[in-house]
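Below, in structure tokens: the form predicted on its own, a single chain.
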Amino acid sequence: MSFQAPADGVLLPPYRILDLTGPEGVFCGKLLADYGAEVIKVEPPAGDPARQRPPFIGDEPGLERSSYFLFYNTNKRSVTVDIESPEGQDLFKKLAASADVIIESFSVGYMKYLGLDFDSLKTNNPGLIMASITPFGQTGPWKDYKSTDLISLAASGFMQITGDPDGPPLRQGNEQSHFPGSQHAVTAIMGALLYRDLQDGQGQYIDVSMQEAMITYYTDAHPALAWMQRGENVTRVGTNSTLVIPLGAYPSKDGWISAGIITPREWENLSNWMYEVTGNEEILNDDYKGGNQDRAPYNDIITALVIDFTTRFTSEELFHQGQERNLVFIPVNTVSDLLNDPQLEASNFWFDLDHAEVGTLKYPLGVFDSDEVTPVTKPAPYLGQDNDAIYGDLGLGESELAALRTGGAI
């Protein structure tokens, strides 16, 4: 396959990408679609199970009403095919012969069982790139283990550093383990496409382990280094830090404020401000005036003093008055705050997108924006909406499509 230049206003050429992923990899396809690739959501005839995932728009269940599906499948197309039937497998092989990339997140060995693995498909498409996103990768003693977001967070060690010091390890909000694997897959896919197009035209197989990808997301906490150097696990510190004191989320009059003090100048500014407000001379204690590690033995005392101070203000007051003093204070935003955030409004982060079934919804545009490149903005596809167009391009006529529908293959 030869290199194609991107269309005006998009980042990627119109690479054809077949997206067979579940929740573990759906973000991979979304990123590639948002930046210009032709991503085709390959669904079973009854629809991707994500279409049944609540919450539903207007609390009304329906194949086109899942807010989860509507978000993660913007800018994609949709075809239906039963890859477990012989007719469906033949049809998918034709699709794969026209594709640049396949991404999937099935259990290890499932695609090979169907005869749709990389080695089988590349026979008719030597330039094909295939990425598998699985809990533990394609090799090793855990490769066949089932997993969930909770298991991925535990297996990666992420839960070891999440939570309060005296409490149990905690799972983070949302399904955080699904994002690192998807993002690593996107990077690897784009690299493989570049290599293929500029080198020898050969495709590659990409094996992404969610466990391994998740580990790369917390190396800033230096857990491996701490173990190798001291034989100690990095402990849980809640929203605080053992390196920066004070740092964390503190209650205010109307919510929470996040604050972090790093330099001696920042400590001087904060301690003087706290003394002006509270009149408590303890905050001026000479023992606290050194660096962060000098304050470490007094972390509990300092935390109590900070809370006494922050609860006398609203979050907005702390934010603006802190900024005036060159202090890093920022409100802990709620969803409502984000939707009305002047910074996000100024950067055009939110945009409205019309969907024929559910109406107008507000979406985040994405973090990549420039004068030359803007993410594509098309709503998530209806189930099988592109069957006729895509299968027609593969040479299937109306009678053949009708027979496939009747037989349940699409």
Partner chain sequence: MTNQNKPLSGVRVLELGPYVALPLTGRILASLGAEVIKVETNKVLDEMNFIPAWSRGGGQPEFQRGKKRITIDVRTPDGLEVFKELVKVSDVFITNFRRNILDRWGIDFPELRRLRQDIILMWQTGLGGIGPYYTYKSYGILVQHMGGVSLMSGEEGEPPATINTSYSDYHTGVFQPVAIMGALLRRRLTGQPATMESSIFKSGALTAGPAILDYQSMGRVPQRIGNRDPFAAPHGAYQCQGDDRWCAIAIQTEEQWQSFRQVIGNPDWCSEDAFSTMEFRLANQDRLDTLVGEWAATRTAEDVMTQLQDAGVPASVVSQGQDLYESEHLKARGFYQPTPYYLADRSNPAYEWEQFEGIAAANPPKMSESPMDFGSYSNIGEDNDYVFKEILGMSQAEVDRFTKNQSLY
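Positions refer to the first chain, counted from 1. Throughout, rigid core stands for the largest set of C-alpha atoms superposing within 1.5 Å between the two forms. Remember, it's a predicted structure, so these values are computed and weren't measured experimentally.
Omitted here: the form predicted together with the partner chain. The next part is about that form.
Only one of 301-309, 95-103, 280-288, 235-243 places residue heavy atoms within 4.5 angstroms of the partner chain in the predicted bound form, namely 235-243. A heavy atom within 4.5 Å of the partner chain in the predicted bound form is found for exactly one of 247, 81, 121, 133: 247.
By the criterion of a heavy atom within 4.5 Å, residue 6 is counted among the residues contacting the partner chain in the predicted bound form.
Using a 4.5 angstroms threshold between heavy atoms, residue 113 stays clear of the partner chain in the predicted bound form. In the predicted bound form, none of the heavy atoms of residue 91 sits within 4.5 Å of a heavy atom of the partner chain. At a distance threshold of 4.5 angstroms between non-hydrogen atoms, residue 184 is in contact with the partner chain in the predicted bound form. In the predicted bound form, 292, 293 are the residues of 284-302 with at least one heavy atom within 4.5 Å of the partner chain, listed from first to last. Once both forms are overlaid on the rigid core, the distance between the two CA positions of residue 200 between the shown form and the other one is 2 angstroms or more. Core-superposed comparison between the shown form and the other one: CA of residue 293 displaced by 2 Å or more. Once the rigid core is used as the reference frame, the Cα position of residue 115 differs between the shown form and the other one by less than 2 Å.
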